[in-house]
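Next up, structure tokens for two forms of one chain, structure 1 and then structure 2.
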Structure 1
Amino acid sequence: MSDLLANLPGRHLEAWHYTDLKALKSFAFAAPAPAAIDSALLPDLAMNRIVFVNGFLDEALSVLPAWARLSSHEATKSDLPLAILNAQHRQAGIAIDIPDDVDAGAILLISISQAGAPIALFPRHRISLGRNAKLTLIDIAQGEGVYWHNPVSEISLADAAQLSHYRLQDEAEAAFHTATIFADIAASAAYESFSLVLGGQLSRAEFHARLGGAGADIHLNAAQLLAGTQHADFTSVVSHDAPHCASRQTVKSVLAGHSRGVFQGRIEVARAAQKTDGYQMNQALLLSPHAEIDSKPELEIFADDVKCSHGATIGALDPEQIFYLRSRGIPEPEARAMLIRAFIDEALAPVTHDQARALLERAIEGAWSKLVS
């Protein structure tokens, strides 16, 4: 993998202005090898599950549904640098094909990395839902050691299909996570996504979604909880190519220490996409004078009859709210914790699946100390 880091995107590219991947060049990443893990590392969820360890499907730990299979399908052409790298070095991923009119329930997709020496992983997954099909996908990434996890997911929703995609990025403290998600959404279909970002020294989730049929709908929501010197980037491009479509993006960040969060959200409205309803909101809570948030919402509109807006709020905890709680006998550390948790709980509002929500809440509890210490 000697050529692995030769063509990394740099900050001279507009899309990478706020995120620098030069730290990757400090490591000599090798190809991964199969590893065994303790089943106790897996979430205790009563559902079908697909488990990858170091990029290899672990059949002993997996409970595959009938419509899921290992696949090394040809990569869709893309000019995105990290998607190109994934295509060049891609490993087999999972292909999930839900037939028309089938409610597939919930599936757990978990990627665990165990790195004794630095490794790089390039899985490519494909999720396809037929007409009127439904699926809840709980997508978890975690691990130990130094590694680079660069997955690509290709999502295709036929007419009136519904996909709820809940992502937990809880990688190792020293890991790098750069995920690219492509979503093609047909008429009256709906893609609901929520990402919780906790781990990794550097991470980026990049969504490229196309609303290609009338009445298509997409929600891209996220919460980033960062501390120390963590860096997390949420980037999205939503293309409205058909009329009467709606998109919603809400990203909340809680930043402590010297951490840095990035939000780049772009809505593109084609001339044919009349009656578009697009909305973006980025909110950041800075718990330290050294924390930083970069917010860059964008609108590119060629249609006449649209409703599009964006907004951003950045600030620290409100001293008056802290004073109010303290005046009611609540100690300052507890008052601060209450306000932070209220901010985070608002971010979890879009997660309506009970098991997914409980999983994300437990993950937040596990990361809580780094925010309030």
Structure 2
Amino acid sequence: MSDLLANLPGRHLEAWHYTDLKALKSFAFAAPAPAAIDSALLPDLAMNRIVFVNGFLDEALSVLPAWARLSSHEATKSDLPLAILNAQHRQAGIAIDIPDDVDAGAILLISISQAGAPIALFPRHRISLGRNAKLTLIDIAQGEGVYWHNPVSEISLADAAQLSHYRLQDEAEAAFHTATIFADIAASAAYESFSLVLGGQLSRAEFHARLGGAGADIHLNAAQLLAGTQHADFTSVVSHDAPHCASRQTVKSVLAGHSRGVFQGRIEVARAAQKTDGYQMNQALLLSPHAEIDSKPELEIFADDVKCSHGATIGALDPEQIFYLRSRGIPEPEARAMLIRAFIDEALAPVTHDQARALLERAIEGAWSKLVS
């Protein structure tokens, strides 16, 4: 995999202005080999599950329904540098096909990386929902060691389909995670998404969502909880290509230590997309004098009868609020945690599935110590 790092996108590209991948160049990434893991690493969820270990489907640990199978399908063409890399080196991924009118319930997709020496993973997943089909997908990435996880997910929702996609990026401290998610959303379909970003030294989640049919709807929320020298980038492009679509986006960044959060969000409204309702908000909380946020909420609008707004706010915890909580007897670290939890609450709104909610709440709880200390 020697040519791997030759075609990395550089900072001269506008889309990579705030995120520099050159740290990847310090490692010689090898192709992964299968490994066995302890089933105790899996979250306790009562649902079907797809378990990938080092990019290989772990058949013993997976519980696959009929509509999910391993697949090494052709990659859809893309001009994004990381998607091209994924296509060149791609590994088998999961293919999910939910037939029309089927409510498939919930499924867990978990990718666990066990890197002795540095490895690079390029899975490509495909998730298709037929007309009026429904699915909840809990998508977890975690691992140990130094590795580069560069997955691409291609999602397509037929008319009136509904996908709830809850992502937990909890990669190893030294890991690199660069995920690209394409979502094609047809008329009256809904894509509800929330990403919780906790792990990795350098990460980026990049969404390219297209609202291609009238009445399509997307919720693209995220929370970044970063500390140390973590760098996390949340980039999204939502293209409104049809009339009467709505997009909602709330991204919260909580930054401690020397961490750096990046938000780049673009709403594109094509000429045909009249009556678009677009909303986008990035709010950042800086907990340390060394943390940094770079935020670029962008609107690109070619239709006149639209309602689009975006906003960004940056600030620190409010000392008045901390004092109020402390005067009621709540110790300072707990008071801070409560305020941070309240700060990110709005972003969790799309998480309506009880088990997913509980899982994410626990993950958030687990992140306090790194943020509040």
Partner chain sequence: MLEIKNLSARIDDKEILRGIDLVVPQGEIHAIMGPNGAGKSTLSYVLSGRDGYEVTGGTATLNGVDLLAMAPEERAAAGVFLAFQYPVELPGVGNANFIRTALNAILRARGEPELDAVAFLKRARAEIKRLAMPEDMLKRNVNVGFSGGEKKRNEVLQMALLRPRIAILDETDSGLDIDALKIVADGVNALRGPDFSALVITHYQRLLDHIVPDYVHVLANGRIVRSGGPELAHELEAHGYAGLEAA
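All residue numbers here refer to structure 1's sequence, counted from 1. This structure is a prediction, so every number in the text was calculated from the model and none was measured. Note that the rigid core is defined as the largest set of C-alphas that superpose within 1.5 Å between two forms.
Enquirer: Given the two isolated forms of this chain, which one is the form predicted in complex with the partner chain?
Expert: The form predicted in complex with the partner chain is shown as structure 2.
Enquirer: Can we say the CA of residue 327 moves by at least 2 Å between the two structures when the core is superposed?
Expert: Result for residue 327: yes, a 2 Å-plus shift.
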